[in-house]
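One chain comes next, on its own, written as structure tokens: the form predicted alone.
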């Protein structure tokens, strides 16, 4: 007799804080209902665990991600005064998760001024102005840097300035643009657009554009173009159908990904992923909304769809299709959805987080 053996894929599930544990549970149940063979290692991060362990990011959570290589992470509030600028940024930097992936796709039934949006934002995650290289006003280090710059540049910096450094490198630009082309090829996308401000910042954004063009030459099977970031924002509102995969430096990627989320109805339906070499963390792009903690009220869609991205990353495409299809069906039906997805936010027929997850599971 032949016995079929199922090997479970281990994934770290980070519960987060605020609404995090509620939507993490909803996402876990929906991913499992899709038929994914996953073994969850449940871990903690954020303000809740800070109260008991004295840190918002326990070593056990880091070790778990190191071992599994994969995490589905609920929203986290970064506590003030702990030494962490942002737990999310710390995780990206610690694991060198250089690519932030944010697909923005319309689902019928979601209130929006736009229809048929299908964009993918690929954001460089490790450098640019978010590298965290800053010099506080009136410090000795800031004064020394200002003196050096004033001695070596024809542009003067005021003595009462704070300074942030914007590094953009050849190596990191090359890998993020190649990631965008690889993603486009894998998922049948037609075009990659490099977004920059090279007309003003010649030696940083100019470098990003130059390297983008070099990488594009090696990927001639995918169409390539570039756009200046302010013009890109306007065109995304006027004619989003002209664009497909956008690749951007860190700051612009943060801003444009929220703009694209606005095109599809908001962050409540916007999934996200942070991907590196051998490690990946999947997360909703919205915050932890602590005022709704424990109320069984918030929309779990973004984290559930982040679970769908996790399944696609694992090439569990049948399960991913089943999960996304069930989410789309529940949203289109419009009955078992949370208050924010109703025509009126005070609609008494709105359901809670658990009940929306139940409805999605019932569709699979």
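Residue numbers count along the first chain shown, from 1. Not measured: the values here are computed from a predicted model.
The same protein has a further form, the form predicted together with a small molecule, not shown here; the description that follows concerns it.
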Worksheet entry | Stretch in contact in the predicted bound form with the small molecule, which is absent here, among 317-325, 24-32, 297-305, 59-67 (heavy atoms within 4.5 Å) | 297-305
Worksheet item: Can any non-hydrogen atom of residue 126 be found within 4.5 angstroms of the small molecule in the predicted bound form?
Response: no
Worksheet item: So in the predicted bound form, does residue 195 come within 4.5 Å of the small molecule, heavy atom to heavy atom?
Response: no
Worksheet item: So in the predicted bound form, does residue 267 come within 4.5 Å of the small molecule, heavy atom to heavy atom?
Response: yes
Worksheet item: Hey, in the predicted bound form, does residue 75 get a heavy atom within 4.5 angstroms of the small molecule?
Response: yes
Worksheet entry | 92, 287 and 340 each touching the small molecule in the predicted bound form (heavy atom, 4.5 Å) | yes
Worksheet item: Which one of 291, 239, 155, 158 is close to the small molecule in the predicted bound form, taking close to mean a heavy atom within 4.5 Å?
Response: 291
Fill in: Contacting member of 106, 178, 172, 88, with respect to the small molecule in the predicted bound form [4.5 Å, heavy atom]
88
